[in-house]
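This text opens with one protein chain seen in two forms, each one given by itself as structure tokens under the names structure 1 and structure 2.
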Structure 1
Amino acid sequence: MKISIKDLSIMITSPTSKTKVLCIIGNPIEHSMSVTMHNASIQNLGLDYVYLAFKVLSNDLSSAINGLKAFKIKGASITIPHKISVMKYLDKIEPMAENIGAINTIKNENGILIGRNTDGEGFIKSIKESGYNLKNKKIVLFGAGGAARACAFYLAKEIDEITIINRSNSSMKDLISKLKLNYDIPIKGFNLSKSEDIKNEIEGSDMLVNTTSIGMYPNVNENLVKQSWLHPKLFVVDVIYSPLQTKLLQEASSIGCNVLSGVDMLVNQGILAFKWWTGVSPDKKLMKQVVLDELI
């Protein structure tokens, strides 16, 4: 029986000695959406699981990951700042996550810890679900951090050309060289200070993706992308989900661009993780509604 979100608060059953544990590990962890999102799905599906949040300092990461084995925790989400550093403590890494150089999900398969990156998969799924066709497209992507790497690797599989724009050259060059090792498409990079080059790149592009943290709550009035760089045919995507409409998305909408926020990416990466851990597909509508309720 499917239940509404309203009913969830009175349906929550107590864990027993047989209850299987899932968790999220990060620091800070207080504002994570994952606890509500995954527990809502567990309750909705009547599974004997519970999803908990653990604030873990970098110095304690190795002990925490060993603890996953000791406590037979079935799966874990990994968030800031551990997505890269955690990799050395795992037994196996999925090939795409190895290429990306970061993981956000661990599955404990009978004591073997496997790492996967569902951020990129969740991102590309959200683009496809929006109805946008990536075939033959040229893309400008702002950022070269963890989210950028995940998105760029999945985009490069589908598109014709990509340009990376970033504040620091070192991480931009590193991302470009890793992409070039894996994909045979034109890949360029410009520093964020090169306004004229960026404007020209965007002018000839179909889609713009912001994967930087600029514009994220509480700095909601910030935006790296000048409105004068945009044109109405551009599909503008921001991986930020708080706020739902970043300044970038507001400015792009106001000149007629189609836009997409990071909330579907967030929900999709969670769905992929949940299914991997439990073998059961959660209800996307419910998961998204729970996230929207927390955000609004």
Structure 2
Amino acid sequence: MKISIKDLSIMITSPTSKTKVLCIIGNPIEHSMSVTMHNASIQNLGLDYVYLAFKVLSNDLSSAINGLKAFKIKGASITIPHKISVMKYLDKIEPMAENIGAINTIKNENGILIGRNTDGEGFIKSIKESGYNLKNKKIVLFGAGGAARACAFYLAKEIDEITIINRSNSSMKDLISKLKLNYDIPIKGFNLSKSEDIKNEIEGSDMLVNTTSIGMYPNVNENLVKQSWLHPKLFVVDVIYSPLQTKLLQEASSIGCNVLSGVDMLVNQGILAFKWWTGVSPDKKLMKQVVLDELI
């Protein structure tokens, strides 16, 4: 059953000159569920905030970040493709985010912009909440961008071995070098063109994670992974949440794999960001339900 605005427990008032602004910055941005999720939480808690979405091209990123200060925007979510490139425009970056080399959340503290990464925390929490045990596991991860870095760093704390697959060798090698500086586990990498190597890696792995945007709305028929590479014992995770079931997850499910979409990661990382910005913990069940209502 869908939650409408009328179902929320407080009367929603229009923003005023005192209303604090939060936002999300990315490109594309139309698919984002963050606006729905955070505004539902704001309304439910009766906070004088509003959460907006801004489509920002890469060439305009510096101006957009300066705008956070100029307009006294209290916090921002950062999504594709800015999670790495945005770092150079910030005043401070939390140590774990610095190690990861990517951020997804900014807090404006009296004109000081602080970067944090809640993606990795949200991702690993979603895996554990699903009941999957990461101990002694070998994992293949597709991608080397901002989301990939966060997921890989938090996975490397828990697992035995990780293999990174990516189209760009430079990004992949940079991620692997950062992981090796922080974790003493076997870490390998293969270019996306190395089909036979990828197939062999997946065959010997326990878990596959897609952190790329391949398969995301509107390109719902795209998939980096051939179905013939999968096996029924594989746990398949896609950080994409729109669509709820990507082509990768559909094909994995059809051969008997356990699968997990990106919805729980979205909600978990959003909870961490929301509390950091406002000092108040949102209702997780509400956040997840309003997202699912939009996606199903």
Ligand code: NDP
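In this text, rigid core is short for the largest set of C-alphas that superpose within 1.5 Å between two forms. These numbers were taken from a predicted model, which means no experiment stands behind them. Structure 1's sequence is the ruler for residue numbers, which start at 1.
Student: The form predicted together with this ligand: is that structure 1, or is it structure 2?
Tutor: Here the form predicted together with this ligand corresponds to structure 1.
Student: Out of 165, 212, 100, 119, which one is the hinge of the rigid-part motion between structure 1 and structure 2?
Tutor: Residue at the hinge, from the list: 119.
Student: Quick question: how big is the domain rotation between structure 1 and structure 2, taking the chain as two rigid parts and the angle in degrees?
Tutor: 15 degrees is the angle the smaller part turns through.
Student: After fitting the core, how far does the CA of residue 111 move between structure 1 and structure 2, in Å?
Tutor: Taking the core as reference, the C-alpha of residue 111 is shifted 4.4 Å.
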